[in-house]
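The chain below stands alone and is given in structure tokens; this is the form predicted on its own.
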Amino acid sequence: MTDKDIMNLHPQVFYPLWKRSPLFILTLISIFTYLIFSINYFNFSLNDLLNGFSKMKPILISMVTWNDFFTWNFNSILIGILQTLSMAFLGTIAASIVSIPLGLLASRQVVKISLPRFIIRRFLDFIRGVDILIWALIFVRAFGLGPLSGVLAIFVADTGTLSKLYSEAADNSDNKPIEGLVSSGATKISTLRFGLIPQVMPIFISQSLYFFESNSRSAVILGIVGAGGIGLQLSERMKAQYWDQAFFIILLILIMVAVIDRVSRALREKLINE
């Protein structure tokens, strides 16, 4: 069959996209209209941007002008970094442990009855739907300022997301080992232990490593709202307008995140390759 024959049989395939899908044109018009509305709503002006940049100039100069460097309180900065890493690590570890049973219970490979699975998934949707900053504000209000509020915020927020990812990993696992164990008369626990868990555990660990990497950045923001750590140290220095020390802390945060990202990526690649 030649190209001409195909064009005669299916001419609509060769139409321009706007002819094949009027919805595409409607979507473009809607996006353009909303873009115009957003620009008018926020009232962007060149004068405001120039005034903002002029106000930033002395701040930027203060950031790169380090005064009395050796008199800074490096002890509090070091403690803040260690607290931030501890928040990210403890929150991720706790969420990973709790998410394994929740994720398996939310998977159709484990729970065949739809009603309990539906209830668990909607519960996870609720947890995941509340942002980590909101959880941090709630726990700061309940437990006071400090790293405990940050750990709990990371734990709750990550539990919803990790459980969802774990359940999807279990749903997408290979059925053949599971069916082989079932046909040989294995119990439900044995089927999970030897048929499902070996398939999904490397994925679980890889996802947890990625979340630890992400949480090391989130923990900095949580510190700004009162959860302690290096974020609190950064916030205090910015309020006091110690811009040189604030910039130094930002550099340390960038180095910390880069190191964690490098190590986490290497571990994830090793797990995936194995």
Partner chain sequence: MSESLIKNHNERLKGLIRKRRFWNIFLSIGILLGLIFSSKIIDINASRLLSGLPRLGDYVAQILPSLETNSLFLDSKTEGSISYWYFNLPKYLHLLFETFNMALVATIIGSSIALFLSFFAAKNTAPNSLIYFITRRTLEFFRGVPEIIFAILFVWALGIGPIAGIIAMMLHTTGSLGKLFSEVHENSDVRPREALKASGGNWFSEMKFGLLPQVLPNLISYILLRFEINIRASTILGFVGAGGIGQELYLVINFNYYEEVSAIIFLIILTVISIDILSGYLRKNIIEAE
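Positions refer to the first chain, counted from 1. It should be emphasised that the depicted structure is a prediction, and the values quoted were computed from it without experimental measurement.
Only in words, not in the display: the form predicted in complex with its partner chain, which the text now covers.
Though its partner chain is absent from this view, in the predicted complex it lies within 4.5 Å of a heavy atom of just one residue from I77, V98, V110, I138, which is I138.
Contact with its partner chain in the predicted complex holds for none of L102, L105 and Y210, as no heavy atom of theirs lies within 4.5 Å.
The shortest heavy atom separation between T65 and its partner chain in the predicted complex exceeds 4.5 Å. Though the partner is left out of this view, F118 does not reach within 4.5 Å of its partner chain in the predicted complex, counting heavy atoms only. G180 falls outside the set of residues with a heavy atom inside 4.5 Å of its partner chain in the predicted complex. Its partner chain is not shown here, but in the predicted complex it comes within 4.5 Å of a heavy atom of L254. Heavy atoms within 4.5 Å of its partner chain in the predicted complex belong, among the stretches 68-76, 83-91, 168-176, 184-192, to residues of 83-91. Shown without its partner, the chain has D125, F126, R128, G129, V130, D131, L133, I134, L137, I138, F139 in segment 121-140 as residues with a non-hydrogen atom within 4.5 angstroms of its partner chain in the predicted complex.
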